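Below you will find one chain, with nothing else, as structure tokens; this is the form predicted alone, and questions on how it binds or moves follow later.
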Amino acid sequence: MTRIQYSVTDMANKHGRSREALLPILQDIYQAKHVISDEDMVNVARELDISAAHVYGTATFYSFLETQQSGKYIIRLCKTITCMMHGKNPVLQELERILKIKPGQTTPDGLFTLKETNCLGQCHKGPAMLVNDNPHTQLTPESVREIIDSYRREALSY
């Protein structure tokens, strides 16, 4: 995965220095690095003249921003009642079994991070998950095995 160069000052010049610029700046940092570090949050706070606690609160509130190093593939499994009614629990159990991790953990090889998240907007096709930005719907334990295998093959081809 290619990382783009970034500067918090350049991002503030692009988005402005108001409170409304905070989320776009954090999104740009995440796009550039795939993680928002404590140092990044302090730099944003200084640049926007707001508290580091406010920046941290915003960065940790949104499930699509990461403040901890994650795997190459971030699996976000929908945990809404609708997806649960469509069979999310057996899918989660299969993901835990084949990845040998629990939600919030990353595989030892650094390939996968497993997370449960609120609605992905795919409840009509649940259970659903995103792997990075790629949606997968109408999941079954069998289909998640195939999906994980395809990402493992993709990782080996790099």
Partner chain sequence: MSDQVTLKIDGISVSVKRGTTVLDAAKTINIRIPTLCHHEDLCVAGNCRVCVVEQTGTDRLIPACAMPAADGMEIHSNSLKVRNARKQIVELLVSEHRAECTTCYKNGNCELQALSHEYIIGENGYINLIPLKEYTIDYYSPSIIKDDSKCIRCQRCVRTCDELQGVGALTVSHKGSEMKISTFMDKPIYQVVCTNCGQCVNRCPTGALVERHYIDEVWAAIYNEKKFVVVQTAPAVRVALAEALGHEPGEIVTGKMVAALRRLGFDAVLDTDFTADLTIIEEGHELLQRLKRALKDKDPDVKLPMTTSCSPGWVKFLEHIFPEFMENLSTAKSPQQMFGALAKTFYASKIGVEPASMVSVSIMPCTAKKYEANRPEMYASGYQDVDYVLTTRELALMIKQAGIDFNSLADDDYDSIMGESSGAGVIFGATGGVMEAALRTVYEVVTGREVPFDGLNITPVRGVEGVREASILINKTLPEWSFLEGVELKTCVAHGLNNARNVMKAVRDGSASYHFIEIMACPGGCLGGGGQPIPTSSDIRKRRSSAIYQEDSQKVIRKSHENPEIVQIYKEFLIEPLGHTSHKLLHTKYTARERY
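Numbering follows the first chain given and starts at 1. Predicted, not measured: the structure shown is a model, and the values here were computed from it.
Quick note: we don't show the form predicted together with its partner chain, though the next part is all about it.
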query: S51, heavy atom within 4.5 angstroms of its partner chain in the predicted bound form; finding: yes
query: is_contact(R46, its partner chain) in the predicted bound form, heavy atom dist at most 4.5 Å; finding: yes
query: Interface membership of S63, its partner chain in the predicted bound form, 4.5 Å heavy atom rule; finding: yes
query: M41 within 4.5 Å of its partner chain in the predicted bound form, heavy atoms; finding: yes
query: Residues in 123-158 close to its partner chain in the predicted bound form, defined by a heavy atom within 4.5 Å, in order; finding: none
